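There is one chain below, alone, in structure tokens, taken in the form predicted alone.
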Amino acid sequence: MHIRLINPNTTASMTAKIGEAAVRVAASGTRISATNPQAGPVSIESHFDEAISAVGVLDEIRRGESDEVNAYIIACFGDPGLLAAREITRAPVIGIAEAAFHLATLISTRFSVVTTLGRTCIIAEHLLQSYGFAHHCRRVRAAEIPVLDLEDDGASALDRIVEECRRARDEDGIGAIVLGCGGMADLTDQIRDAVGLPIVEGVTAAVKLTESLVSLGLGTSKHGDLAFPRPKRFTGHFDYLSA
């Protein structure tokens, strides 16, 4: 089984880190290949960043279709380009936010999300609504950490994340915490030990869900809105997409 893990931003060190986290939980017969677009934002912290990064995600999936990839993971908590990605492949495509929400509801009746910046809390709340998990989530919290601080200042960032997770534990009446950034993938064990609650991290959650779908022979439906896009001509910069 070959899973392509796509980091939608262009920071190679983060791609390597989330790839290592995925390999640690993958089954022995699973191959993980971690990639990122060559062009786009170095981190994703806004609707604008997500819109730009989605094109890179789709390009990576198109490349994967010639690499015998069995499934894809979009390793950004905004799940940028998720439905468009599902349109262009029969393989399963899993976003890490959707995966984390699903698993959190299987181990607790209420959870909170701890993410990076306050403005991204709103994006996470939109996802909770559209995925149908809003009634399970008590609160979306921000540690007020720019995403790239997870690369450059790990110890300080970890302390702030742990502090916010402890507030969630003590104030929100929850049973589990979802980490709201793929860049936190290497911190799960330390946060769990410090907080004492189940910590659901989206990259690793998505790996196990993806393995389940592939082993069950379940791929993306090509009936309805996730059917392949109608062939058409694209102009200018996007001419390469013409069919």
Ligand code: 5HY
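A residue's number is simply how far along the shown sequence it sits, counting from 1. The model shown is predicted, which means the values in this text are computed figures rather than measured ones.
Absent from the display: the form predicted together with this ligand. The rest refers to it.
Shown alone, this chain has one stretch from 157 to 165, 103 to 111, 86 to 94, 71 to 79 that lies within 4.5 Å of this ligand in the model of the complex by heavy atoms: 71 to 79.
Remark: V147 counts among the residues lining this ligand in the model of the complex, judged by a heavy atom distance of 4.5 Å or less.
Contact check for I44: a non-hydrogen atom falls within 4.5 Å of this ligand in the model of the complex. Using a 4.5 angstroms threshold between heavy atoms, V178 stays clear of this ligand in the model of the complex. At a distance threshold of 4.5 angstroms between non-hydrogen atoms, G182 is in contact with this ligand in the model of the complex. Contacts between stretch 203 to 234 and this ligand, counted in the model of the complex as any heavy atom lying within 4.5 Å, involve no residue at all.
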